[in-house]
Each structure stands twice: as C-alpha cells, then as structure tokens.
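Quick setup: one chain, the form predicted alone, written in structure tokens, and binding and motion questions come after.
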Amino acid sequence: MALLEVRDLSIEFETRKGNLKALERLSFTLNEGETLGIVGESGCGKSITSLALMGLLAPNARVSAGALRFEGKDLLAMNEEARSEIRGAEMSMIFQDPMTSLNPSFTVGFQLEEMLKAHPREEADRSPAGRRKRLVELMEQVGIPDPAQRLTCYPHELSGGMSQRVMIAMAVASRPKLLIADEPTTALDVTIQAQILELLRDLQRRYKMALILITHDLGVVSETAARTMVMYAGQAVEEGPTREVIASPRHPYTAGLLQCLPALHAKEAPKTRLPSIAGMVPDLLARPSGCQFHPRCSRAQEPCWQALPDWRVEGSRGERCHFPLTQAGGGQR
C-alpha cells in the first residue's frame, strides 16, 4: 500500500470574479522513503497541492478527489481534530519563506519546543529537561553551530540559511513519515542551497521519511528526487523517473524548462542568450481552450487548441500532450 495516494484531486476557489480552478484532476502516489519532485513555474499549482495535503487551504476552497489517502486513511473524510493529529506529527511541511513562517515575537527555542509539546515522540519530550536536550540535538542535526546559544535567538538574529535550518528542525522534530519541502532553497545562495539539499537527503535517510520536494528548478530535483512530476496551470503534464524526464522530456513545457537551465544551455550553446519560454502561465479565471500550454508552445497544431489532451501512460512515463516529443527529443511520435 502506498504511503500517500492522490487521485483526481481538484481544487476551486470561490472569488468575486467567479470560480478559479487552481488544480484539475491531479493524481500521483508516494511510497515510504521515496522522493517525488514537483516542478513548474509560479502559479502552476505546486504549493496549492501541498496545502491541500496538509489541510491548510483557505475557507473559500472547494476540494474534490477520487482519493486522498495517507496510510490508507481518507483525509477528506476526517474532521479538523483528526486532521490536526496527523498534521505536524505524521505529515510535516517546510514552508517557502522562513522569515515569515517563524514568529518574530518568540525565540526559536520556544517555537521548537511548542512542536515537541504538541507532538511528543518520546517520553523525554513530556518533561522540560527532556525537551531541552532534544532541542539541542535537533539544532545539531540540522548543522547549526553553538545550538544551545542559538535557541535563545529571535528569528531576526539569524541569517536566511540559519532560519531555513530552524524550519527544517521544526518540521522533523516529530519524525514524520512524510515531509513536504515547498521551495526550501528559495532566496539562498548556491552554496547554502547545496547544503540545505544535502541536509534534507541526510535527514530523509536517518528518519526513513518520504519527501515531496517542490521547486521551479529541474536542476534541484535532478540532484534529489528519484521521480519527477511537471505541473502547468494546475495540471500534471509529465511524470516519470527523474533521469529519464531530464534525458528525454516528452512534453514541450518540460523541454522548455530544461533549455532555461544556465548550466545545460552553456554546454550546448556557449556565449549565446539564455532561451526562455514566451508568454505567461494562463489566467486561471479565463483558461484557454484545449491544451493549457498551446498559447506558448511552438509545436501547437489545430488539435491543441480544440481539445485537452488525455493523460497517457507508457511504462514508467506519463504525459499530457497531443504531439509529445520523441525519445530523442525531436519530432512527433
């Protein structure tokens, strides 16, 4: 049995301008200890997916799904009390911006201790002395120097990389079975980014967690995730083993994202302008007809703007495209 099963997950928001379809029939599974990378531009539905899994959507959201199960338990059928027992304990999340996720009015030690109080894993977590020892251990595990002293700091006294490590410590304090990392390296320099990714891999091995890594960078998932799902306009457009997706993308959007990687482009065409994908993600209140990517796709033909392509699976790969790329990345199949 899969640790997490998502089938036909759709999310709409009621707004003054009408119903906004943020997610359309998204499906995927995640096994124990597995890493899934979810990739796409801002506004494609990555964070909305993670908030739906955690049960943190706004009150105006309407959620429907064929299945949304964690360890076989129906998350949508749970009341808020039952959901809160899983959230933070069995499923945890690292949010995008640690500087706004941490409360500036309390020390990081106080905020970490609140997690242990809410979701104690060991008998020692139930006593102040035991929690203090665990807090120091957690800070050491995420690579924070002088951990006892850092526990007395307020968030504004820490650097961006240090704050992100504190957020990771909070997320793994209860040793969850599933960790969702939403853009965990945003606004960090390349050196710190590499350290954070290595830290996540180490903690995943240590606690045997499943990991969902949400990012806009295929270069990040290539180093971390065994499997990758590419999203566009609230839909999955491609999924498969990460190495295969990067080596032979089948959807033009995936190929476009790869072409935008500076390191890859420099090898293929040095000293030329970095390519980009023309246009923007569509307005979700006024979606285009047919394939959502066709207004930006250089390969679009008549069927593309007439009908939404079906999700097609071939072996370990899946894609949503009328004219997918060949294995070699060239023409039509």
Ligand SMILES: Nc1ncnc2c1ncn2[C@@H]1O[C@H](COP(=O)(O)OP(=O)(O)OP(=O)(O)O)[C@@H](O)[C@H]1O
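Since we're looking at a predicted model, the values are computed, not measured. Throughout, we count residues from 1 along the sequence that is shown.
Beyond the structure shown, there is the form predicted in complex with this ligand, which is absent from this document and is the topic of what follows.
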| property | result |
| --- | --- |
| Contact residue in the predicted complex, chosen from 42, 298, 289, 276 - any heavy atom within 4.5 Å of this ligand | 42 |
| Sole residue of 52, 68, 30, 284 within 4.5 Å of this ligand in the predicted complex, by heavy atom | 284 |
| Full three-residue contact with this ligand in the predicted complex, heavy atom 4.5 Å, for 95, 111 and 150 | no |
| Contact flag, residue 48 vs this ligand in the predicted complex, heavy atom cut 4.5 Å | yes |
| is_contact(residue 306, this ligand) in the predicted complex, heavy atom dist at most 4.5 Å | no |
| 4.5 Å heavy atom contact, residue 183 and this ligand in the predicted complex | yes |
| 4.5 Å heavy atom contact, residue 58 and this ligand in the predicted complex | yes |
| Sequence-ordered residues of 1-39 touching this ligand in the predicted complex, heavy atom within 4.5 Å | 13, 15, 20, 22 |
